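One chain is shown next in structure tokens, namely the form predicted on its own.
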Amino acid sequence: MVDHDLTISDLPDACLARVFHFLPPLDRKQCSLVCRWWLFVEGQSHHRLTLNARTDLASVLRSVFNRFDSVTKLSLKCDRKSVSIGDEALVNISRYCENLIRLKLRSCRELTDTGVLKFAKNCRKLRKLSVGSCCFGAMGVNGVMDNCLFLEELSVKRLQTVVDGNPTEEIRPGVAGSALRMISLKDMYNGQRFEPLISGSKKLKTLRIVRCYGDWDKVLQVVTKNVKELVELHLERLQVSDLGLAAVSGCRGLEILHLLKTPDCSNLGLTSVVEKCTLLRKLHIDGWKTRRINDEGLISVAKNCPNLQELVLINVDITRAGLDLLSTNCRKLERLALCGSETIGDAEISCIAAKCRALRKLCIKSCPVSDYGMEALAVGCPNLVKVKVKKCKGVTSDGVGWLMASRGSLTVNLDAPVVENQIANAGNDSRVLAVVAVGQDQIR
């Protein structure tokens, strides 16, 4: 029998650590100041840590990691105007955090290939690496590839020395190629040097190439011959044409495709993809300037992609004929965004309302839609839960108020103020919302 009342002091360390796990960062910091025991337990249970990576961090590394000795996810960020930590500090971190599985480096410009290579040799359990605005080069990246057998995700953004360094040295897969599942390249002037790494990652599932200069058709042709398990592909602001898309069509298991601001891509390239990649679930297209993808390409999508659940069309002119076929064949479509299209009017919204019965979220931006379109939504799309209307001059607060009054469970975001009495007419249901819409243009 227990002969005294239990107090919080009798709580096992594991239970106390579990309590800390549910607290927000500020509350955790305050709890750590209660006593030495809580300070110790809070440090032991802290697996994620973000540090300001200025050069003066090197002098306190020992004390920091004496307290936080269980860190597995580390973020080192330095502002552009400050001098960052160097190779010696990074190597010391690798000694303190041998169990590190995630590392994020931002603006650590003093790091060189030598330091990154030594770090990789000490942290062989690394699974995710994200690098942005750093100055080490191909040798450092290859050092990670050669030593981190379990690396699954690699994100590289503005890696300057890959451009300025040895122009003949390519990024190779190394031992990490067998484990890599995701590669993301952004803002690279010489991103084609990653082609051996990408094509050598046989189990790659996700590939994102954004704002990388140069011709990418040849890279895609080589990559798609070797990588057959690709599921998700993002191409944004790239010099890629229908030849590149024809190569992408070889990835029969592709489920997610983003073609954003690729002006050389046309209906022909899109058709070649959807005719073979019939498992597509999510498709985002931005016609940007040339608008070479239109009704013809979308009709091919409708004919070949019955599993489509999410469709985002920006600067794509699609007519009622295309929408009619999409709504008829793509019966699983749940999320639809129509932005910057001059051909989307009330008739097209009425078609969506009448036939897209599975639709749950709808975004309309900068389209010639009026209140009549809102009235059509009031009686259609039985599963609709959210409508976002932005920069549609023909849609007034009257039309939105009537829509809200007709469907009390519907959330409506409008980029114009709604009259108070119209909100009152919509009822007191807390699920009804009319706000000034800000944020992303796409449906989340």
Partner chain sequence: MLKNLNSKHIQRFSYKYLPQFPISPNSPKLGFSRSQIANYRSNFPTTIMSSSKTIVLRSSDGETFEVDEAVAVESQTIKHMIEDGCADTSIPLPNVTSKILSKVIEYCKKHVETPNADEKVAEEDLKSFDADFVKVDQSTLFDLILAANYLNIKSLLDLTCQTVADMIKGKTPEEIRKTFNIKNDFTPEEEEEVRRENAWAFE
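Residue numbers count along the first chain shown, from 1. Just so you know, these numbers come straight off a predicted model, no measurement behind them.
FYI, the form predicted together with its partner chain isn't displayed, but the following is about it.
If you check its partner chain in the predicted complex, you find a heavy atom from every one of Ile8, Gln30 and Lys77 within 4.5 Å. Although the partner is absent here, Lys388 lies well away from its partner chain in the predicted complex, with no heavy atom inside 4.5 Å. For Ser63, a non-hydrogen atom is located within 4.5 Å of its partner chain in the predicted complex, even though that partner is not displayed. Its partner chain in the predicted complex is approached by Arg48, whose closest heavy atom lies within 4.5 angstroms of it.
For the chain shown alone, Lys393 is not a contact residue for its partner chain in the predicted complex, no non-hydrogen atom being within 4.5 angstroms.
From the list 52-60, 394-402, 373-381, 407-415, the contact stretch for its partner chain in the predicted complex under a 4.5 Å heavy atom rule is 52-60. For the partner-free chain shown, nothing in 276-310 comes within 4.5 angstroms of its partner chain in the predicted complex, judged by any non-hydrogen atom.
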